[in-house]
Ligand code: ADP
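Next up: a single chain in structure tokens, the form predicted alone.
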Amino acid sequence: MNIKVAICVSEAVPFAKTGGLADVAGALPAALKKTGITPVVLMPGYGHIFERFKGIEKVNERISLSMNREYTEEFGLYRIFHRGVYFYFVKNDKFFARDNLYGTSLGDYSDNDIRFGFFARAVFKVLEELDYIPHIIHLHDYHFALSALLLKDIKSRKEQSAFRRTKTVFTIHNIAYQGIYERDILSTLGIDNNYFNIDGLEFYGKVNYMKAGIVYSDKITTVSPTYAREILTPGYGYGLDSVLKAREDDLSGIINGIDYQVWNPERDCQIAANYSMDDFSGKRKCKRHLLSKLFDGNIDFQSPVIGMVSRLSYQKGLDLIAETIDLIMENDLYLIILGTGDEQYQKILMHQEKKHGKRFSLTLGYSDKMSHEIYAGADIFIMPSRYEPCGLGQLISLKYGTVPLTRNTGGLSDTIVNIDTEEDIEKGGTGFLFKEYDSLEFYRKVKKALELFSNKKLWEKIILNGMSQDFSWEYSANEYKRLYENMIG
């Protein structure tokens, strides 16, 4: 059976990216296509997409969408063929021709409620325009979660709707970001107030878009099995744990993959030298290049290098780093951090760079090339996350022979085989996990990693264990295919 899937997402590589969601949305459609699924991708037509990408085709320049009885919006529909899949862009410059996707450093855009509510409605208009009636509409994160409710509403009002057999999957990438807005957005979007109740959209007197996805979708997934269990608890559910608990039988965790066409040290053109499991001498060249690029003077190329590529935020464990950085820098090592985020953590790290500048390098912002160089040139990659739904950094670092050191949570638990003893290495250990969210426990794990780094033979075994792991999208795509088949079977 040719299963048709419409993937609705707010960002996708290479067209728009703020985080890991874009990496998933950029790679998953092509992986699904290889399994026999027929996917299309629907996403906002951000202004920069039309400026940067050639080959975008016009489908329809002017489509009218009734938001409610008195309010109509127009949009253009465009497409591009990328990696065997059509990506469709909904172009409405009032909503999407902006410098950023979701907001500025001062906060989210004040009209995100209507921006993404508009897109949630536009999904069905687009599919009708394309005469593409999918078996599954796959919604990612809160931005388009309202589409699940709108589909239910369409079916209830039109028994012969073209979408009468279409079902929805809602994937939670990060439950902390929910899209919580004032109640009056319902009238703007033409949504009946009957849906505003404790069993529907209502959330402490406001409208919660993510809750709509959880309540009204046919199936719910998240991006790792451990995170699927964690979000059922008050500590990780961010107020929606009881709602998820009621849908527990429809909730599953499917681990994300990574795109080995992009992340592969054997053919990565952004690193100083290529290398593989059979010969990782090129990794030593990458380390020399990275250190020479960032530090002056007498560099000790034998010292361990700890790297981090991350948002500098509360979620990512920056408070643990802030509390232990003086202890960490007492060791004979180099620390390299690339990222941007909360101003308080940026200031702390800038101060520490001045203090430990000979061995600590901080680069604020994001550089794709430098991220590749850190993954290839570092010895240890740290992710002391408070929570981590899946995590891509540890998957990339494993492929690049850079040993991950992370907290034992979410997808980090599912993808790293912990090392406490030398025996763990012989059993296939790939990295270092610490359990409690505690700065001293984090530092003790750093010390353990440094201790084992001094044993070259053992360290090379850890590297080989990690590089032999396979977290390609093939496994994940087949898991989604099985889910789709069960839903329509």
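When you see a residue number, it is the position in the sequence shown, counting from 1. Remember, it's a predicted structure, so these values are computed and weren't measured experimentally.
As for the form predicted in complex with the ligand, it is not shown, yet the points below apply to it.
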- prompt: Counting only heavy atoms and a 4.5 Å cut-off, does the ligand in the predicted bound form sit next to every one of V309, S371 and G391?
  reply: yes
Non-hydrogen atom contact W263 with the ligand in the predicted bound form at 4.5 angstroms: yes
message: Against the ligand in the predicted bound form, would F196 count as a contact residue? Criterion: heavy atoms within 4.5 Å.
response: no
query: Taking heavy atoms and a 4.5 Å cut-off, does I396 contact the ligand in the predicted bound form?
result: yes
query: Using 4.5 Å between non-hydrogen atoms, is Y375 touching the ligand in the predicted bound form?
result: yes
query: Out of Q344, Q315, Q270, S276, which one falls within 4.5 Å of the ligand in the predicted bound form, going by heavy atoms?
result: Q315
- request: Identify which of G103, G365, G84, G357 has a heavy atom within 4.5 Å of the ligand in the predicted bound form; exactly one of them does.
  value: G365
- request: Tell me, please, which stretch of 161-169, 375-383, 107-115, 185-193 lies within 4.5 angstroms of the ligand in the predicted bound form when heavy atoms are compared?
  value: 375-383
Partner contacts in the predicted bound form for 328-343 (non-hydrogen atom within 4.5 angstroms of the ligand): L338, G339, T340
